[in-house]
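Here we start with a single chain on its own, the form predicted on its own, put down as structure tokens.
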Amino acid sequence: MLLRGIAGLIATLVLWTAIVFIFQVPSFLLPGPMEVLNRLVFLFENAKLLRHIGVTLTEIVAGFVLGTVIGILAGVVFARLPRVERFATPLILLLQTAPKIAIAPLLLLWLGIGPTPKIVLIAIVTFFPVMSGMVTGLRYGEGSFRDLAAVLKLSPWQSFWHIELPSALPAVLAGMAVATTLAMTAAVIGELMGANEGIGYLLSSGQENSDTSVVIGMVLLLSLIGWAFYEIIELIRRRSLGRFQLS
């Protein structure tokens, strides 16, 4: 999977270079890969690019962890108490279907221009797929595990910790894999709406200055970060499948 992704990335760079060379595309419309790379090196040396990357990474990790923890806890509650789920579902759906670009300004007004509104926005988009995975895993997990818990006469806590939670883990990790892509989008939206540092801030600055190289460079950085997060979650998910499935 990773090797295929790297091969696809290399093929994209080759095609990109060929298009720029063959059609003589002006650099202000579509700079070549080397021009974008040189611009990134310039930002690294003169604009503290690593610091901006660190700010965005911190927001993504904090928001992702917060949304995952809340999603798992909510999934447990909803799976155990369907009435609570029915009561909370309209609010959750309203929050999830609302355009995130509309939510971001409200969070900025309520929480200020620091990292907090970005973390909250990322947690919001992470919450739903993780919660859905947890509910699905607990409700429709392997029935043989539940039979085993009954035979062993496990307590509700023992059954949950040793049987139900491991059985639900693959579904939760699948939800987390989906959430990684949403988290990247939320981070950029939050920084575009209002920030003085971060990758989204540099992207916005590049747009304001009509610097196509900076804009493309920031998009590539965000894509690579999102790809890395996704691959990490996918690796954990694949390794967990064999461990918790019955043969």
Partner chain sequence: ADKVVMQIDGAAAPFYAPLYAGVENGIFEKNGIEVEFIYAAAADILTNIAAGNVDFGFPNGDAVVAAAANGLPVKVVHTTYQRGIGALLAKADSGITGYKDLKGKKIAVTSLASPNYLQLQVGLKLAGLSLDDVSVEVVQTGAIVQSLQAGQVDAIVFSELRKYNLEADGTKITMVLSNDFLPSFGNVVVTNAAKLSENPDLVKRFTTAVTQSYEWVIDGHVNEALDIALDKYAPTWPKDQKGILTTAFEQTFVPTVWQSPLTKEKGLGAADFAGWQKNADILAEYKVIDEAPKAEDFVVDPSTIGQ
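Residue numbers count along the first chain shown, from 1. Throughout, rigid core stands for the largest set of C-alpha atoms superposing within 1.5 Å between the two forms. No experiment lies behind these values; they were computed from the predicted model shown.
Note that the form predicted together with the partner chain isn't included here; everything after this is about it.
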request  = Consider L108 of the chain shown here, and say whether it contacts the partner chain in the model of the complex, taking contact as heavy atoms within 4.5 Å.
outcome  = yes
key: in the model of the complex, V55 touching the partner chain (heavy atom, 4.5 Å)   = no
ask   = Can V36 be called a contact residue for the partner chain in the model of the complex at 4.5 Å between heavy atoms?
value = no
ask   = With the partner left out of view, is L192 within 4.5 angstroms of the partner chain in the model of the complex by any non-hydrogen atom?
value = yes
query = Among V69, V61, V41, A47, which has at least one heavy atom within 4.5 Å of the partner chain in the model of the complex?
reply = A47
message = With the partner chain taken in the model of the complex, which residues across 110-125 come within 4.5 angstroms through any non-hydrogen atom?
response = I113
query = Does P31 move its CA by 2 angstroms or more between the shown form and the other one when the core is aligned?
reply = yes
request  = Would you tell me if G206 moves between the shown form and the other one by 2 Å or more at its C-alpha, with the rigid core held superposed?
outcome  = yes
